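One chain comes next, on its own, written out as structure tokens in the form predicted alone.
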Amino acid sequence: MRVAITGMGCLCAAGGTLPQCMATLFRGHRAPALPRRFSTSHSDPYPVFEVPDFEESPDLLRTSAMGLAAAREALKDAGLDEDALKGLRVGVCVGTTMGSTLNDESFCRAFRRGETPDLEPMARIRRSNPAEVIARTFGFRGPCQTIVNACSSGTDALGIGADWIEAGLCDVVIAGGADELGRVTYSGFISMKIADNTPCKPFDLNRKGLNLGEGAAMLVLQSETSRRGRARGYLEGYGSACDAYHQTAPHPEGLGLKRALRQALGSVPVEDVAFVNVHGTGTPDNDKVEGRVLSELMPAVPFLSTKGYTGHTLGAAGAIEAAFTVACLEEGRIPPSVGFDTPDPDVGICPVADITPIRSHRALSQSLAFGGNNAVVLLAKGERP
């Protein structure tokens, strides 16, 4: 597999565009705060990473509006306007988790009180399928799919989109992920006791759990026959495997993750990997399993978690982290894994604590998800402008 990445767009708590996000990462800056868009009765407040100053759409759910904004940035970055796309087979593949399935709370409360609420909120949900919104807005007529595979959804969407290119179904695919913060997910992760009431600390000895975040990222994937400009990067491998061990916990030996990593690498030797952008949620089990797998399979390869900057953006996480990974390959360096301070002997390996130069042109981005789902993409540096 070798599919060109010609454009990228991203928005999350780290910034409203991909360049803004990367500047934030290399400054080592993060600013989790209490939720502003909703309130809860939790006595112990839990910080989140909200997208600041995002203009809401009256017609779409926040998830789909963020996905559309990221798609616009990615298409502009790729230099693809309406004329350039004319005659091309363009598909859309978007990963999400809860973003487009949350019912409207006001509608549901009114319905349960025996009232007859206006059905517009339900119509808004129906017209907010993330992939369909992008396809409808730009008039794309190729394959259109929304992937809901827990927190590996964004990575899976990239791999599936690349498969469409490889199979000759599409000339161009807009692939990525989008997810918004909401009261249901916020309360749900707190109830599972895997949320941290302080800024998250991936791989740190004193980590207590994750902080939730929101955002979106889209990558423009193109066949070599359809692209006319430069490739910012390449998607060279995709692996997906489920260990089916537990509803929420990864297999203690990381069996599914190992299979997904090997699938993504294919015949590429570990020595060719510059770094790994790990899932790195800050939860005790996730970080321990990821650390042990990396310690066994690629102990000399630097790694980092970017969730200390973005929070865990659920279905958007894999796409956001893939965009960060390609941008880091372009820059020839990776930012510090913010939140890490004290090594955990039970993990046996540490993320980078400072800005670190890289020398190879390939990197891995991996996602671990509820249900034992694991997804990994192998990404490569593109051409110089």
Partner chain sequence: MKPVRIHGIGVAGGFGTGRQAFEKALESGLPPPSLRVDLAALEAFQPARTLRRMDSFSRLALLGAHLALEDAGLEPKGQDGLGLIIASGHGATVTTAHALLDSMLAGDAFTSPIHFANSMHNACAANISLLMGATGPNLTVSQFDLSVPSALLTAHRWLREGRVERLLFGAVDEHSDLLEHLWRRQRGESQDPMRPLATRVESARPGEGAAFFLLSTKEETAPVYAAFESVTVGRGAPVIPSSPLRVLGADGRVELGKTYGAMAEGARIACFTPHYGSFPASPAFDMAAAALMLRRGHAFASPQGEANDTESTVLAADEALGTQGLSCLTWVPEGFGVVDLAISA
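Numbering follows the first chain given and starts at 1. Note that the coordinates shown come from a computational prediction; the quantities given were computed from them, not determined experimentally.
Separately, the form predicted in complex with the partner chain exists; it is not shown, and the next lines address it.
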{"query": "In the predicted bound form, Ala167 touching the partner chain (heavy atom, 4.5 Å)", "finding": "yes"}
{"query": "Contact flag, Ser187 vs the partner chain in the predicted bound form, heavy atom cut 4.5 Å", "finding": "yes"}
{"query": "Interface membership of His42, the partner chain in the predicted bound form, 4.5 Å heavy atom rule", "finding": "yes"}
{"query": "Lys86, heavy atom within 4.5 angstroms of the partner chain in the predicted bound form", "finding": "no"}
{"query": "Which of 132 to 140, 223 to 231, 75 to 83, 305 to 313 lines the interface with the partner chain in the predicted bound form (heavy atom within 4.5 Å)", "finding": "132 to 140"}
{"query": "Contact residue in the predicted bound form, from Ile160, Leu265, Val301, Leu297 (heavy atom within 4.5 Å of the partner chain)", "finding": "Ile160"}
{"query": "Heavy atom contacts to the partner chain in the predicted bound form at 4.5 Å, residues of 366 to 383 in sequence order", "finding": "Phe370, Gly371, Asn373"}
